[in-house]
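Let us start with two forms of the same protein chain, each given on its own as structure tokens and named structure 1 and structure 2.
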Structure 1
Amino acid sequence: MAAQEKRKSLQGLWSSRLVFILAVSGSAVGLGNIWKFPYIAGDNGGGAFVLVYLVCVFTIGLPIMMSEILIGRRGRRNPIMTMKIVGEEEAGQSWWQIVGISGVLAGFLILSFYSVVAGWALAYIFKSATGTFHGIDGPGVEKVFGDLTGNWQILMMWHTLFMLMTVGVVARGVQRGLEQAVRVLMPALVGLLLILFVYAINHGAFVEALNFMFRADFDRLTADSVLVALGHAFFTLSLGMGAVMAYGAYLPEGTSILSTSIAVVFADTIIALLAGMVIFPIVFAHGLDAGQGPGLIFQTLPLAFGQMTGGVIFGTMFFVLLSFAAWTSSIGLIEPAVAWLTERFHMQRPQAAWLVGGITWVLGVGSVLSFNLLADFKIWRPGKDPGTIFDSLDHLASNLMLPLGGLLIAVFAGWVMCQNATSEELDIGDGGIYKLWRFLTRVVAPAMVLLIFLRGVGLI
């Protein structure tokens, strides 16, 4: 279509398909896979939860990822303007920009607590390197973690450092530097997880862990767990908030959206499952509690590092790589807001990045204090027990805003955009695969999200 050919991305294009895959996987693979997945699987009883998460990833996540990329490339702007432009073009409706606006807000909220946890990872680099974990036992790891999170000044320092790292990269433009880093660091992270995996097989309660992760016991599955699994499918794939849409805006014409999405979804899922198969064997071998919450990986992995030969080196490397994985994700969290400020208000990129980073940093103070001074301050949450500021921000953004954003994106790509437009962008003909995508996007994804959402918040 002539209109699309004329529209150019304002921020440049990815230099190749591989780079795009790396950038989207860089955004997808992060704390969500290694920190959050094991801890929420533990909190929600394992097996059945993991199964629901996998079903959500493949039947909802994959088609919505394709939708986000195709909408992004069609609009070639930040998510707010893209949803407006494409909405007007396809249906004369500009109100679809709400999806972009809610995405930008969700990005702020998520990064504010994400940065605090990434700060823990940074702190653990130094703990590992200085031998803190050498020969440590169960109560020992609990104390190290408790001492860190109990001290708000130290947490603030690490949170600030991580925000500075994020803003530093985004200010310079996503393409420079980051691409190179992702290329090397992602394979290294997987390599290290594999080493830990071998350790877990040899020294952990591996069979018990497999049972826990893969034996589905549906009695333990509540409506809330299903909502958490759905929310996590969005969170871990960076969907429902425009991050992937923003990246799609820089995708050259002619790059296959289908194969790219499949590659990213598989990579993300395999890394999460691998993380679980490293962490749970250690949990059970040491009699730890799988449902101990956000501190889980910070209290299990150090036990392994403390016992293995070369543990100081492996441990340090692991937390370095975890910090990098968080870093490449945090960039995706603020890219929509930064792109919007530069394209809509003609702000300079560095200024936009500092502004967004500053607001997020202030919001993050609430999460820092959730672990110490404000630990007893609990907020009401729909369909769930009251939670700390940290828990509530996560719940609001991940389990409510992302699924709702994803629902609207699916409806937009499936019902509002005309068939010609979507099949032209996807470029997979109009055979079985296209029809399957369209069916999942029009019917399955919206219906499942709506159902799980309404049940999860107790409305049905």
Structure 2
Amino acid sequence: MAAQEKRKSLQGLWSSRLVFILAVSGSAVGLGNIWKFPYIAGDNGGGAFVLVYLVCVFTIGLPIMMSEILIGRRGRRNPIMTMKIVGEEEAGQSWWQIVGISGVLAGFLILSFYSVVAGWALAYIFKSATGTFHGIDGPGVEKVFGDLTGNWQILMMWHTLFMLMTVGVVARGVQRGLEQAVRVLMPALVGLLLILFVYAINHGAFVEALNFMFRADFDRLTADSVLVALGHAFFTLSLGMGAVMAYGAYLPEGTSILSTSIAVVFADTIIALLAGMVIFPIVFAHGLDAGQGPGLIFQTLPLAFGQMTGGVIFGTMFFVLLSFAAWTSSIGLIEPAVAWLTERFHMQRPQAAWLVGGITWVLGVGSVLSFNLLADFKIWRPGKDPGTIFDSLDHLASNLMLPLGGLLIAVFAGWVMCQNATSEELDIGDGGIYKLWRFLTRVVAPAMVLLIFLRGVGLI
């Protein structure tokens, strides 16, 4: 009997293929999807950039996602133990668990500062609902944001609330916690997006937004634009941080890894595009700056909501949407570490969840203080100017640990695992589709992820 047939998941299994797609899509769809992809698409040639991005997604994101899932299902354990077990089976080497350790640690670090930003979104739900932004002007919006980030006690409260929300879901297990959460949150997220999309069509500068996002301007597509597309294609799918591998361990046998991965890629891309078609019609209708990055969410959009009819309602809906996106991502970030504790030390899941959540919360205190009491405290970052604790954690995880993790996952699946093992797990035969996946995983994806890493540390 094959190794993966004898090995059972210790955490339970997803009840269906749809739930797995919802879970991985929820992990992939986060704060960055809502503001970053629409903006970088519009700023780098619109439709021309989207075309390059889609090529990158299917040549980097899809093969690495398939690799993470197949490794996760093969090992049926947390990412650390899975890489150790499969490494020993395929190459007689247990040191591959380092890849799992790196992924779990990266997710842990990301959540510590991600929770702080997600706390902003929670705070803005209540600010919008109580009419804080109604009739507000530019300086007023800046003051609201400055008062929030400058007050460490208030920021700590929202950081704490978001971590409690995250731990509360993960502590309940795969089917009672993770599955029930994504069953509710993902449809709600899409529903909110569609309502806001209809509003944007009827009350925003929709045609101008479509031109900004989709008109193919190849003159604005530079070599740096291609690197931006490469980087976002990798990061948007939550690759290299253990979440996809952990979720893959709960995937039932017989579920197609290829079709589910394609579904996740499409869901992630469509939600990002929909977000752009919600945000930019509103921004352009009010003559605001579309190029503010994260400030677009917490400064530009509140200004627009404050000026438009129904702004209190639709502004509140938008920040609920943003909070849902952050919540589903945070669940994926914390799950690998919780699974490791329960399997390695035989801890009860609630205890493991609260322990990981507590340590993450403590680490997040540094990010909270980065915006106020420790704003002048700077840390050296390779390839960049010194940054705050928040900036440095982001740089370490996003630009160093995740690309290296993704690179090693591709190398492991493409070069270390034998052809029989990967073909059996993918269950797509050994014909053209399998050969294409193998080529992309062995050659194309590693080369492109290496470029992402080199760009992240400032070498190109």
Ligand code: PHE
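Owing to the predicted nature of the structure, the values given are computational and were not obtained by experimental measurement. The term rigid core refers to the maximal set of C-alpha atoms that superpose within 1.5 Å between the two forms. Every residue number counts along structure 1's sequence, beginning with 1.
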{"query": "Form predicted together with this ligand - structure 1 or 2", "finding": "1"}
{"query": "Rigid-core frame, C-alpha of residue 88, shift of 2 angstroms or more between structures 1 and 2", "finding": "no"}
{"query": "Shift of residue 343 between structures 1 and 2 at or above 2 Å (CA, core fit)", "finding": "no"}
{"query": "CA of residue 284, rigid core aligned, shift of 2 Å or more between structures 1 and 2", "finding": "yes"}
{"query": "Inter-form CA displacement between structures 1 and 2 at residue 188 - rigid core frame, Å", "finding": "4.0"}
